[in-house]
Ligand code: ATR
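Okay, so here's just one chain, in structure tokens, the form predicted alone.
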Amino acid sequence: MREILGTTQVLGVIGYPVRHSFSPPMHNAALEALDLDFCYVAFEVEPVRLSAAIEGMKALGIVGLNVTIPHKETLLSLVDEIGEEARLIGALNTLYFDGQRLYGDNTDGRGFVASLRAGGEDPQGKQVVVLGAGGSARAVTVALARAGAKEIVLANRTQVRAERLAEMLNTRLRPGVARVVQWQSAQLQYELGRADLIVNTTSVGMHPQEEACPVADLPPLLPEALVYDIIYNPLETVFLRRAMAQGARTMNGVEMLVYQGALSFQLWTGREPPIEVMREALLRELQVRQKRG
């Protein structure tokens, strides 16, 4: 374990609640692997104290932060400059300080696409189905559209949310890149059966409801289809198991979490992040918590 000195610089994650965060073990393992004089801690900040907390962090010289719920959208009005992708998504997941100026960015979508590319999958020209229309879906679809996905088909229980997301993508990124189908419909089944990439961005199937699945029936998939569930607890959801039973390739949310964290790490430190170290630390922490129940 690294020694904390008077020179040690501080990174962290801000949210409420935030004690459950996997970011501290992941980032501290990366900092230790590169022998960087930083530490990464969790800051639990109530929404009513957010503005005061940010001013205090500026005064204390904190280098950068990850942002989690419920602060991702609220912080948009508290930063001095916002990255283009964060502006499109309408939420932040990364902050970094430069003197008294505060910059906001969002690495969620870029992390998702980076994890695809690391796995040998290029979104360029792909037919995609995305389940869900919340914050994670916004990040994923913005990044996919910017990466050149051919078409993104959206399905969400509350259809109006999917329609609003499709309108934003079509208006601000590329006309015709997104359209909506009804949740649990024959049309959704058809789209799933012809998709190159299927992404679950909903929380259906997450611990402690591991036996749930976002799609009642998974139709026959393309032989080369990739099914990606951004849930990482459990590592293997019912959704992924059903896809694997067909012989489909699958990815879980560990990869997105690692790569979005790696992009934040690079913004803060200017160093190439040790991806494998971060992944191993995250998996170890997941294992420890699963044993605790």
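Numbering starts at 1 and runs along the sequence shown. Computed from a predicted model, the values in this text were never measured in an experiment.
We do not show the form predicted together with the ligand, though everything after this point is about it.
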{"query": "Heavy atom within 4.5 Å of the ligand in the model of the complex - residue from Q189, N170, Q127, S203", "finding": "S203"}
{"query": "Interface residue in the model of the complex among T158, S77, Q100, S185, criterion: non-hydrogen atom within 4.5 angstroms of the ligand", "finding": "T158"}
{"query": "Contact segment among 117-125, 191-199, 133-141, 80-88, judged by heavy atoms lying within 4.5 Å of the ligand in the model of the complex", "finding": "133-141"}
